[in-house]
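Take a look at this one chain, the form predicted alone, written out in structure tokens.
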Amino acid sequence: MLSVGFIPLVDAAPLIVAQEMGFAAEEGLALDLLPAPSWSSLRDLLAFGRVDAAHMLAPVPVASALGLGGSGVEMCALSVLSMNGNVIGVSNGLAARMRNGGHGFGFDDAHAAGAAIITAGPEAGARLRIGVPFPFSMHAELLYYWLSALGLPAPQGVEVRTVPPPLMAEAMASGEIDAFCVGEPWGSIAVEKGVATLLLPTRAIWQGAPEKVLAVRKGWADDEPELSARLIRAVWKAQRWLFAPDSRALAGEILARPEYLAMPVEVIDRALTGNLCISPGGDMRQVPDFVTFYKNAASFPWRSQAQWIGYQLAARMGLDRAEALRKASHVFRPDLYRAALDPAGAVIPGASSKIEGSIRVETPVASGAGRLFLGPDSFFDGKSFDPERANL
């Protein structure tokens, strides 16, 4: 029995499906899935050995390697559980001011959405208050990257508040925040409660963002290579199953169960299909690949992804960037991923690092077996990140 912690989010699906659809059993595993109330509590459960593995925010193991976050325990990412899957939402009052300013809520243009939210902003010169689930998260890093690129220095020019995902709608309703960035289904829940309008999916900021990872303690991975491999394979099989369109209905029903998300199936289906309701008035938007579990090697833990995170954290926290790049490069573990999945015949990238943001269209890449295409991973501002040529 392996104990695995998770937060009730749609992107916990690979772990839940691995247990419920028998992929863990195929690997001789039983997963004891334990929900946690917040990311800080889940981080601590993993750090102190209360769980063996966890559905984790991609920046948390990197932050730990850089000495940030307080756990003091080295963690590593065995695989990427999901890419993207977050939404940025604004209060109805802010949405109204943005519409009055001419913003059409097209839900796909990060430049237009950013300009509109900065212009409409909070009243009386106050700073924009944004809720994120955790300080070290892709939610926070993508917001900072987006707003800073558009001329609003972040985090200096905004007030970022930590709000657990299940409480995001309540924080919006009470007026504690003007905007949020959160994983589904919690953005949709805020819309269902009539307190928010969705502005943008975060994939519009970075198409290739690693959102959640399968995290373990580094010492556990070193001591339990066979268990690590079996866990990687079980989760990978679940991700492959989730990729099939005819799996979505059953996946939604499983995730909706009381022991997992305890949400209406139709709300969960929005994330799985990318067909999102963005406003209390019922406006719908279709977002292809809103959340990705398997397509285009989504589960591969690129060292360069961890290094992008490390570079952003170092720049924001005043750390040595070269040292951050070096430490971050050891956090995502393509070596363990390959060792686990080569015997399963998985098609795996031949490289362990790439220039992030450089792929504009689906592109074939070298692979040890079979034919592999990587999907677009562009940043909204057209920039790219090469760990070998980062500005130090």
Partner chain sequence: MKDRLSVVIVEMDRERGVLIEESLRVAGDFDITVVGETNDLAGKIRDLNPDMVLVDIANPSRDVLEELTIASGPMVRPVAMFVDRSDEALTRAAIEAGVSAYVVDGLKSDRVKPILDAAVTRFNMFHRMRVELATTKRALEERKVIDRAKGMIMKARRVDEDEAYAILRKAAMDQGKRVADVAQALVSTAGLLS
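Quantities reported herein were computed from a predicted structural model and do not represent experimental measurements. Numbering follows the first chain given and starts at 1.
What follows is about the form predicted in complex with the partner chain, which we do not show.
(message) So, residue 37 and the partner chain: in the model of the complex, are they within 4.5 Å at any heavy atom pair?
(response) Residue-level check for residue 37: yes, a contact with the partner chain.
(request) May I ask you to state whether residue 176 is within 4.5 Å of the partner chain in the model of the complex, using heavy atom distances? (result) So residue 176 counts as contacting the partner chain.
(request) Give a yes or no for residue 273: in the model of the complex, does one of its heavy atoms lie within 4.5 Å of a heavy atom belonging to the partner chain? (result) Result no; residue 273 lies far from the partner chain in the model of the complex.
(message) Within 4.5 Å, heavy atoms only: does residue 193 come near the partner chain in the model of the complex?
(response) Contact with the partner chain, no.
(request) Name the single residue among 134, 206, 186, 311 that comes within 4.5 Å of the partner chain in the model of the complex, judging by heavy atoms. (result) Filtering the options by heavy-atom distance leaves 134.
(request) Could you spot which one of 347, 45, 351, 339 gets a heavy atom to within 4.5 Å of the partner chain in the model of the complex? (result) Exactly one listed residue reaches within 4.5 Å, namely 45.
(request) Within 4.5 Å of the partner chain in the model of the complex, counting heavy atoms only, one of 98-106, 318-326, 231-239, 69-77 shows up; tell me which. (result) Of the options, only 69-77 has residues within 4.5 Å of the partner.
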